[in-house]
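In the form predicted on its own, a lone chain appears below as structure tokens.
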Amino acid sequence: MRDNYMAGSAANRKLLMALRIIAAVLVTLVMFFPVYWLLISSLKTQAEMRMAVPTFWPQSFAWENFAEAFRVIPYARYFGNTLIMAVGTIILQLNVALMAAYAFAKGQFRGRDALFLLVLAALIVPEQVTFVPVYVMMSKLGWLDTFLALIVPHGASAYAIFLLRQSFKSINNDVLEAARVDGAGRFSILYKLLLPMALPTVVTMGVLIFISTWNSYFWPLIMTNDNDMRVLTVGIAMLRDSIAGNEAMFFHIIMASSVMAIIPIVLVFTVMQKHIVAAMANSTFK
């Protein structure tokens, strides 16, 4: 009887494992299908895109769609603007977060915890709530249609400060005291000691900032009116809106533009994956 029970339990475990694998495969397919459809649509011809019955594989690969995207819109200009905005936001936001996290994790001053609670409270405030006063401020400073308006308002991130503070708190204070004895100042301790020790977390935060900034649409839309200052998300959306009612003529171009827009995100995530995994493994949310 015991052998029958153990055999039945083993069979149930195998069945459960098989069901989990099937469920995981189905979920993966459902999540990946939009990306797959984007990729194959970017390689279809205009005639194939207008077919009544959609095809799940291009009849012929229209690689010229990607070159056509550069002709239809100033794609190189939009790409450069997006890259400048993303890199500038990463540099500014990470430096602000590093200094703030260092102060909240290792600093000793009155009201430290209360100030940190205010920083955490910023996490629940959506960007759309504050964009009106910030827009007025940018307008009065004369920063509209400049990279300053695209970068400076996002110079501080409550989430980045919280994440780096948690990482810094896990570092023993004796290490900092030893550095001070050797004559290291605050900035030396931060950038030459704490930063390398928390590098996986910093890299992970940088990747998250890059993805968020690269995909940003709302903020660049309201801060720029000059076509030369448009970013990719806004430029592609304007291309779509400019051909409203005639999308079938240019839908393959829109798809090709979108594919090229997501390539930098894929590359950054792939290159930095090792650091992201290390940060997840050493997570210090305690």
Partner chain sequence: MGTNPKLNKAAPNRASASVSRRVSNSVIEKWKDFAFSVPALVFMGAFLYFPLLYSIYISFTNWNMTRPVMKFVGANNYTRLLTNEEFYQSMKVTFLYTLMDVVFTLAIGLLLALLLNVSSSRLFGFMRGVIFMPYYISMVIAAMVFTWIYNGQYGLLNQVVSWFGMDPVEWLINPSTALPALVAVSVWKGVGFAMILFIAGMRGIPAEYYEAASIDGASRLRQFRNITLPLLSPMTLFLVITSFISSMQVFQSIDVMTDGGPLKATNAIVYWIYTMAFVEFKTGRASALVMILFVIILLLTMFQMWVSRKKVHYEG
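Positions refer to the first chain, counted from 1. Note that the rigid core is defined as the largest set of C-alphas that superpose within 1.5 Å between two forms. Fair warning: this is a prediction, and the values are worked out from it, not measured in the lab.
Keep in mind the form predicted together with the partner chain is missing from the figure; the text below concerns it.
J.: Taking a heavy atom within 4.5 Å as contact, would all three of 17, 108 and 115 count as contacting the partner chain in the predicted complex?
T.: Every listed residue reaches the partner chain in the predicted complex, so yes.
J.: Just one of 193, 171, 90, 99 has a heavy atom within 4.5 Å of the partner chain in the predicted complex. Which one?
T.: The residue in contact is 99.
J.: Which residue, 94, 119, 203, 176, has a heavy atom that falls within 4.5 Å of the partner chain in the predicted complex?
T.: Exactly one listed residue reaches within 4.5 Å, namely 119.
J.: For residue 215, is any heavy atom within 4.5 Å of the partner chain in the predicted complex, or not?
T.: Residue 215: yes, in contact with the partner chain in the predicted complex.
J.: Examine residue 186 and determine whether its closest non-hydrogen atom to the partner chain in the predicted complex is within 4.5 angstroms.
T.: Yes.
J.: Any chance residue 167 has a heavy atom within 4.5 Å of the partner chain in the predicted complex?
T.: No - in the predicted complex, heavy atoms of residue 167 and the partner chain never come within 4.5 Å of each other.
J.: Would you please decide whether residue 56 lies within 4.5 angstroms of the partner chain in the predicted complex, comparing each non-hydrogen atom pair?
T.: Yes - in the predicted complex, heavy atoms of residue 56 and the partner chain come within 4.5 Å of each other.
J.: So which bits of 126-140 sit within 4.5 Å of the partner chain in the predicted complex, heavy atoms only?
T.: In sequence order, 126, 128, 129, 130, 131, 132, 133, 134, 135, 136, 137, 138 come within 4.5 Å of the partner.
J.: Using a rigid core alignment, state whether the CA of residue 225 is displaced by 2 Å or more between this form and the one not shown.
T.: No; residue 225 is a residue whose C-alpha shifts by less than 2 Å between this form and the one not shown when the cores are overlaid.
J.: After a core superposition, would you say residue 67 shifts its C-alpha by at least 2 Å between this form and the one not shown?
T.: False for residue 67: its C-alpha shift is below 2 Å.
J.: Quick one: core overlaid, is residue 262 moving 2 Å or more at the Cα between this form and the one not shown?
T.: Result for residue 262: no, shift under 2 Å.
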